[in-house]
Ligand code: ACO
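Shown next as structure tokens: one chain only, the form predicted on its own.
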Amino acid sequence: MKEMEPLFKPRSVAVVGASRHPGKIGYAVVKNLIASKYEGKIYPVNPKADEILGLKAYPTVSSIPGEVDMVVVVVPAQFVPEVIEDAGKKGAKVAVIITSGFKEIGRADLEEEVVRRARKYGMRVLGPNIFGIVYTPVKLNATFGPSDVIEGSVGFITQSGALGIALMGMTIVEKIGVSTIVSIGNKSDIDDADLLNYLKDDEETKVVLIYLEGVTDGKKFMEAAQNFTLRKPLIVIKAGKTAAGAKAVASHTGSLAGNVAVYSTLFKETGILEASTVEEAFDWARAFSYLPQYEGGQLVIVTNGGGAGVLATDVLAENGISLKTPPEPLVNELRPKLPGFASLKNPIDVTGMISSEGYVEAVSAALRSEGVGAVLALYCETAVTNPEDIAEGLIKEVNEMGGLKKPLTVALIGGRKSYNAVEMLNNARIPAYPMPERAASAMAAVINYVEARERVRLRLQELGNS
């Protein structure tokens, strides 16, 4: 996928429709490129300006003296074809068309003309009707979204512009580091499959999350998804599941939402993990970005509250995961350290009487146990414990282990201190959540991905494609 390289790693970016006025999209894109400390050349293009944000402006792309890899287009729709023509003659390799007013409002003809002109010059097109692209490894933020994106390993692809920008902001608040954020809008040329084919080999991306409204080429998407999930987890939020939602999708990006049952089958056959909500999708992405891969073995729950353990057990069961009796060596290690009425089944209920130190010790014992493959730690705030001390203790133990060697998700349920503790753990790259169901759901995704990947491998082997 060398042809996709200029989209993620352009050596230069020209912004056509760059503006001198704050509040304009053309201003925001140039400002974000500067603020993100983009490592390549930035060329504002505006025939009525000599300088924009301290950078020399040019009247056209073809008038720029240096080479241009990427053209970000923010001029009105009717002018886009001539911009593409000019950029193509200059040798631009990819056009990121932020402009709206194409297929989504019935102007498929105008959109087709843009793509036709781009292909004449071997240029790829992202969009139109998008907010741009981010690729943090080269400090590229060619969007009109937030400028302070956190660098990390989550790839985010979205067919919705406004929602995508909002979720872009959510990654910052939730402190989820991203490798890339790509807005694909109408998908006139570059689509989800193209991006997956590139990102499967991208060392900076550990997991990809897609907000998906519709797929135009099902076979292409299926092949790309299968190849991707053999290497990395792929999470999808599918919009347009109801008749009303499907109608909204058609008017939003001009896509066909398709039959829900067909998509569900497609996801299962390709190893895709389908999230039911945005919150769930981000919870899973956080876990995959922080944790080592699940290598098998028992999942053990350690909790100081029986109710939290029951809620988590229900979520796991709904996701096809059943709990088994903990390994005997672990039980023998914990028994003398716990009250006589503690439950040493699974979940292991260390009771609400346990101290902060005792709780950390129990979780650490489970993490060190050879027969345990993953640990789900649930904590309910009590008067005899301090959640911040528990977070500090867990972070210390994990550091002494040389980092997590097996998956661990944590839920701390309570007041302000518990929320602070969740933040402390996430800052230390230990996935933590304020509710037991969310920690359990994330753990289920981590475990189920391994099984889903194996199903894909066997299926491809049967088809003779391995």
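Note that the structure is a prediction, hence the values are computed from the model and not measured. In case it trips you up, residue 1 is the first one in the sequence shown, and so on.
One more form of this protein exists, namely the form predicted together with ligand ACO; it is left out here, but the text below deals with it.
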item: Gly403, Gly415, Gly66, Pro47 - the one with a heavy atom within 4.5 Å of ligand ACO in the predicted complex; value: Pro47
item: In the predicted complex, segment of 319 to 327, 160 to 168, 392 to 400, 360 to 368 with a heavy atom within 4.5 Å of ligand ACO; value: 160 to 168
item: Every residue of Lys24, Ser100 and Phe144 near ligand ACO in the predicted complex, heavy atom within 4.5 Å; value: yes
item: Any non-hydrogen atom of Met443 within 4.5 angstroms of ligand ACO in the predicted complex; value: no
item: Touches ligand ACO in the predicted complex: Asn304 (any heavy atom, 4.5 Å); value: no
item: Val74 within 4.5 Å of ligand ACO in the predicted complex, heavy atoms; value: yes
item: Contact of Tyr379 with ligand ACO in the predicted complex (heavy atom, 4.5 Å); value: no
item: Contacts with ligand ACO in the predicted complex, stretch 7 to 42 (heavy atom within 4.5 Å); value: Val16, Gly17, Ala18, Ser19, Arg20, His21, Lys24, Ile25
